[in-house]
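The form predicted on its own is given below as one chain in structure tokens.
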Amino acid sequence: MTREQFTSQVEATQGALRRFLIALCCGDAALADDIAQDAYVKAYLSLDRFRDDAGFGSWIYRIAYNCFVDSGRTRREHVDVAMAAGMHSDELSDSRFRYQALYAALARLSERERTAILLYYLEGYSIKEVAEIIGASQDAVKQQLSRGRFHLKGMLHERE
């Protein structure tokens, strides 16, 4: 893959990858951006190992997922709601609060369940592709999706 082809692939995937990582990081856009940047750098440095038959999208998602896992920040402390209420924000950041209930519920899922849910439902990957990205069997992905749906449904209904 040439530098121009890589740049083209980055441009084609960066919006969806960022959206996936923001959801995976439960709304932490700064962390998601850091992970995305790390993933693209690692991908660029590993271009010699890229196999076109795998598809760039699933390849970069696998790298990004591994960067997320490596970040060691899956159990981060969350800002207290009272503290967050006093923070300055702009209209754009205020509009993002509409997803807070979902992010809070996603944060309570296991890392595997959250990743499977996001890749399958948000990004539209098949069960086989999700399995390849996260390094699990298809049966394990099906189980993670089932458990994740069950847990999300319960958490979102308890907020009503």
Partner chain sequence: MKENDEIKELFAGFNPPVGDSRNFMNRLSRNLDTIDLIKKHNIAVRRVNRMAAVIAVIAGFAAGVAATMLLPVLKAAVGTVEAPGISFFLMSVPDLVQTGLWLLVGVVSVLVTLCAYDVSAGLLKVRQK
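Numbering follows the first chain given and starts at 1. Everything numeric in this text was worked out from a predicted model, so none of it was measured.
The same protein also has a form predicted together with its partner chain, omitted here; what follows describes it.
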Q. Hey, in the predicted complex, does Q143 get a heavy atom within 4.5 angstroms of its partner chain?
A. no
Q) Taking 4.5 angstroms as the cut-off for heavy atoms, does A104 touch its partner chain in the predicted complex? A) no
Q | Any non-hydrogen atom of A131 within 4.5 angstroms of its partner chain in the predicted complex | A | no
Q. Can any non-hydrogen atom of D34 be found within 4.5 angstroms of its partner chain in the predicted complex?
A. yes
Q) When you measure heavy atoms, are C25, R51 and V69 every one within 4.5 angstroms of its partner chain in the predicted complex? A) no
**Q.** Heavy atom contacts to its partner chain in the predicted complex at 4.5 Å, residues of 2-18 in sequence order
**A.** R3, F6, T7, V10, E11, Q14, G15, R18
